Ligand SMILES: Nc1ncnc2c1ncn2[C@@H]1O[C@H](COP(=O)(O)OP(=O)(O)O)[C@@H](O)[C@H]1O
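Single chain ahead, by itself, as C-alpha cells, in the form predicted alone.
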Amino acid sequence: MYAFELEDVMFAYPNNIVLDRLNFKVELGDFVAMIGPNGAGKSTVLKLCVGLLRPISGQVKILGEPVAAFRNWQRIAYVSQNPLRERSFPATVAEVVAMGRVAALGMGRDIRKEDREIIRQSLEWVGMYEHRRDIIGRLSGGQQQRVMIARALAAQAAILVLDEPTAGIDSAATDAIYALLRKLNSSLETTIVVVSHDVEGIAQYAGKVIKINKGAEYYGSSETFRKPGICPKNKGREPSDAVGDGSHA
C-alpha cells in the first residue's frame, strides 16, 4: 500500500501555477526527502498530502483513499514550518507532547496511565525526557523541533510529514534531527516525508529523494541522486549515527 499517491496534480495560487501534472507515490516505510528551489511548491505538496489544501485537478490519495474521503487522520502527524511561533508559550515540554495523545484520543478525554507512558517513551526517543518540565519556549531551536517530533510520535502516527524541521538551526542539530528521523524510519518503520533545503545533507539519510519544481524533476533512490553530476554541490558528507540533544542550535 502507498502512504501517498499524487496523480496529475495541479495547484495554483492567484496568478501563479505552483504544481503542474505532478505524479509520485510514497510507499509505506519509505523515508523520502523532498527538495527543490524556493517557490517550487514543496510546502504546497505537503499540505496537499495532509489534506490542508485540495488540488485544482488530479487526485491525491492517502493510504489508498481519495483525500476527500479519508478519515483516519490519527495515522498522520504533520509538523509545519516553525510550529512554535510564540516563544513565550507557557507550556512545558511534557504538556506539548501530551497534545499528541489528545489528538489520538479525541477532545475531552482524560490522559490515562498508559498515555503518560507513551509520552515518556516519545520523549526518550528524541532525547528530551530530561527536559520534560522545562518551558518549551526557553529551549533551543533544535530542541523545540525534537519536542514537536515527540508530539507526533505520541500520537502514534504511522506517517510523519515534516516541513523544513531543521530551518534556522545549526549543522550539529541538523545532523542530529536527520539521524533521529532515520532511526524512527528504520526502528519503528515510520513513513517519513521531509522537506529540506539542505540537499547534500538530507540525501545522506533518506532512502529516496524527490526534486520538486512544479512537477517531479527527479524521484528515485538517494544513492543514485548522490552520484556525481546528479546531486548539486555534493561534497560527500558522511552521516552521523549520533542523535545528540540539539543543544547547540
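Residue positions are given as counts along the sequence shown, with the first one as 1. Note that the coordinates shown come from a computational prediction; the quantities given were computed from them, not determined experimentally.
Absent from the display: the form predicted together with the named molecule. The rest refers to it.
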query	finding
Distance check, K211 to the named molecule in the model of the complex, heavy atom within 4.5 Å	no
In the model of the complex, P37 touching the named molecule (heavy atom, 4.5 Å)	yes
4.5 Å heavy atom contact, N23 and the named molecule in the model of the complex	no
Residue contact check: S43 to the named molecule in the model of the complex, 4.5 Å heavy atom	yes
Contact segment among 57-65, 183-191, 203-211, 43-51, judged by heavy atoms lying within 4.5 Å of the named molecule in the model of the complex	43-51
Heavy atom within 4.5 Å of the named molecule in the model of the complex - qualifying residues of 1-22	Y13, N16, V18
